[in-house]
Every structure is written in structure tokens, then in C-alpha cells.
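As a starting point, one isolated chain is supplied in C-alpha cells, in the form predicted alone.
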Amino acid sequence: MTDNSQHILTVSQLTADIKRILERGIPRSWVQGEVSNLTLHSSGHIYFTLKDAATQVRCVMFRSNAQHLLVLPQDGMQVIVQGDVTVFERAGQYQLNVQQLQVAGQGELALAFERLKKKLAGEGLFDEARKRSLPRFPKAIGIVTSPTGAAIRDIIKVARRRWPGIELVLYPVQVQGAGAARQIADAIAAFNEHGAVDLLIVGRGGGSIEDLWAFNEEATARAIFDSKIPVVSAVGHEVDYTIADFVADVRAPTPSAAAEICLPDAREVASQLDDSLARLANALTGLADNYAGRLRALRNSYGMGRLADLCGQKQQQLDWLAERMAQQAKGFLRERRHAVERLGSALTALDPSGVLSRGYSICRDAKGRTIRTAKTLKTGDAVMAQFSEGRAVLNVKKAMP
């Protein structure tokens, strides 16, 4: 039985008591550990576990603090955080409400850089074979950078000087801190979906490794890799490379250099056109002079001087050939006529009516068959006799074979 004199707490009351004790009893502290189970929530909050070899603690960094980060934490990264111990009452778990987060030294950033570089290289994101050439004369260039930084001013200045008619389309993004990589990736995707541009410049001015970290994040790298539009990386750090530099089709050491790479110099192009026009004019003039000389040579040649005589000779040859053809045709027709006459005479000689006119007759039996021998006749047979003029029916009195 429960002693009614004892005060009974609900779970919520107990958790609230623990929360008050912890939050009042433990001052804001700095804690070092390894990040694991990292979640970058769509709300902008960051959830992760901070652990060492023996234990772990859940951590939350709310958006108001996370938005000031220069480098987003990654799983496996050693960090130092400052935060308050609190209790997440719904789960009954204590956690660290992180106010500040720092990478535990430059070595950790270098390790994170090398881990991602090795991973993406293994997937083929850096392969030279997949990189594309830039269009020689782009009509429009998309720019992904901060609208207030020096990078956009440098790009505009150089672009207007080199190719005054170029169209520049800016997609303003945050270029450092929490969420910057996601914004850069979304901008690249937006240009590929909607932007009518021929190539992209993605970058920012110089800074520390922490300032440039958005260009070392996986989201930025994969967006550049997936782009159907050629990408020029233009991060203002002439010596060191970012992950974005390895993935991009072309790497420029600075934003100003990117504009130089992407655009021809209008003055140089005009000079080249003038030179080409001059060479073309000289070539056409030379060609015309050459043909004019050949025409003059033909006009003054022996053949051209005797052209009328040559034509007369050819006409005479044609007349001779026509006369010869007419004579041969007459001879051919004469021979054919004589042959036809010979055939007519032969046919006349074979005509039965000619034989009958000389006193002969043709006898046929009752069936109309020609009687060639008396052996086929019998006494009393009727025979049809055909003469040169008329016919007669005869009766056989006696056959004499």
C-alpha cells in the first residue's frame, strides 16, 4: 500500500524537477568530442551526438545559433562546443543546447576535406573525361555568388570591359556559414531548370578555410557535377583548391580570372576580324588577277586567233559526214529493195494459183484433205478438183496406183 502521507510525483513533475536541478547546477560548459548521427533539419536546427571513447551526449544547435557557423559539422569530425545542459522533457533525456561550435583545429578540417575528396574521386566526380569545353562566344552567363561581395563587382567590371554586350544573370546566395552550400546547390539546379544561360560562374572572394568551407561541402560538389551547363569555379584563393574546383569543368583562381576565361576580348576579336577581312580581300584580289591573266593568255593564243578558221573546218567536216551518211543510206535502201524483190519472186513461184494456171489441178477428198497419191482412192469415191478457174466434183471409176 502507498503511504498517503508521501507526495507522489507524476513523470512530468519528476522530469521538470530534474530539468531545474541540471540547468541551475551545471554552468555553461565547453565540451570536446566526435560528431556522429548528424541531422541538418529543414527548420535550420542541427541535431547530433557528441561522443568520446566512453560515452555520448545528445546535442541540439538551434537555427538562431547555427546560422552563424562558418563550417557545418560532419560525422567523424572532432569539435569543441559550448552549451547549456538541458532536459528534453518529452523524451526525458538530457541534452546539450549548443551555443557555439568550433572545429578542433585546422587538422580536422584538412581530414574532412581529404575524406570527401577521396570519396568523390572514387565516384568519378573529378574525371577529366567528363569535363566540357566552354562556349567560345556565350550570350548569357549565370553567376552564383553573394550579391554584396567583391566577387560580383569584379566579375561585372571585367565582363563589361571584355565583352560589353554580355548578359549577366545573378542568383544571390549566402557563400559562407550554415546553409550556404545548400543555397549554392539550389541556385545551380535552378539555373539548369529555368535559366537560359550558356555557362555558370560559381564562387566568392578569398578568405580563411572556414570562410570557404561551403565550397568544400558535398551538396555543392554534387550540384556542380549534375549541372548540364558548364561550370567555372571561381573561389578567390589562388594557391589552394576547394572540392568545387576539382568537380567544375574549369577552375579559375579568382572571380576576375573567371570573367577573363569565360569571355573573349572584344578588341582582340575586332582586330582578328580586321586581319581576316584584309587577308580575304588580298586573296580575292590575287585570285581575280590570276584569272584575268589566264583570260588574256587565252585571248592572245594561236587557237583563239584561228577560231573562225577552226569553226569553218569543223563545219566542212560536218557537211562531208552528212553527205557520206546520205550516200550510205541510199545504198542500204537499194540493197534492201532488191532483197524484197527476190523474196517476192520466190513467193510467186510457190503460189498454188500459179501452178493451176499452167493446167494443173488440186484434188481433195470429202474431208478437204489434199490427195497426194491414188492409193488412198477407191472406186466410187467423190473427189473435189480445183482448177485455175472453178471446181468440180468427180467420181472415181478406177484407181491406178
Partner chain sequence: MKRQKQAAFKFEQALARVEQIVEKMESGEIELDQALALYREGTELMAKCREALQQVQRSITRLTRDGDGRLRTEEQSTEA
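Numbering follows the first chain given and starts at 1. On a predicted model such as this, the values are computed, not experimentally measured, just so you know.
Unshown form predicted in complex with its partner chain; subsequent notes refer to it.
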Stretch from 77-85, 188-196, 206-214, 249-257 whose residues place a heavy atom within 4.5 Å of its partner chain in the predicted complex: 188-196
Contact check for G331, A339 and R369 against its partner chain in the predicted complex, heavy atom at 4.5 Å: no
Do G165 and its partner chain share at least one heavy atom pair within 4.5 Å in the predicted complex? yes
Evaluate F137 for contact with its partner chain in the predicted complex, applying a 4.5 angstroms cut-off between non-hydrogen atoms, and reply yes or no. yes
Close approach of R160 to its partner chain in the predicted complex, 4.5 Å, heavy atom: yes
Hey, in the predicted complex, does A326 get a heavy atom within 4.5 angstroms of its partner chain? no
Report the residue, out of P147, G124, G293, G312, that has at least one non-hydrogen atom within 4.5 angstroms of its partner chain in the predicted complex. P147
Position in contact with its partner chain when the complex is considered in the predicted complex, options D240, D274, E114, E128, heavy atoms within 4.5 Å: D274
Interface residues of 263-285 toward its partner chain, as seen in the predicted complex [heavy atoms, 4.5 Å]: A266, V269, A270, Q272, L273, D274, S276, L277, R279, L280, A281, A283, L284
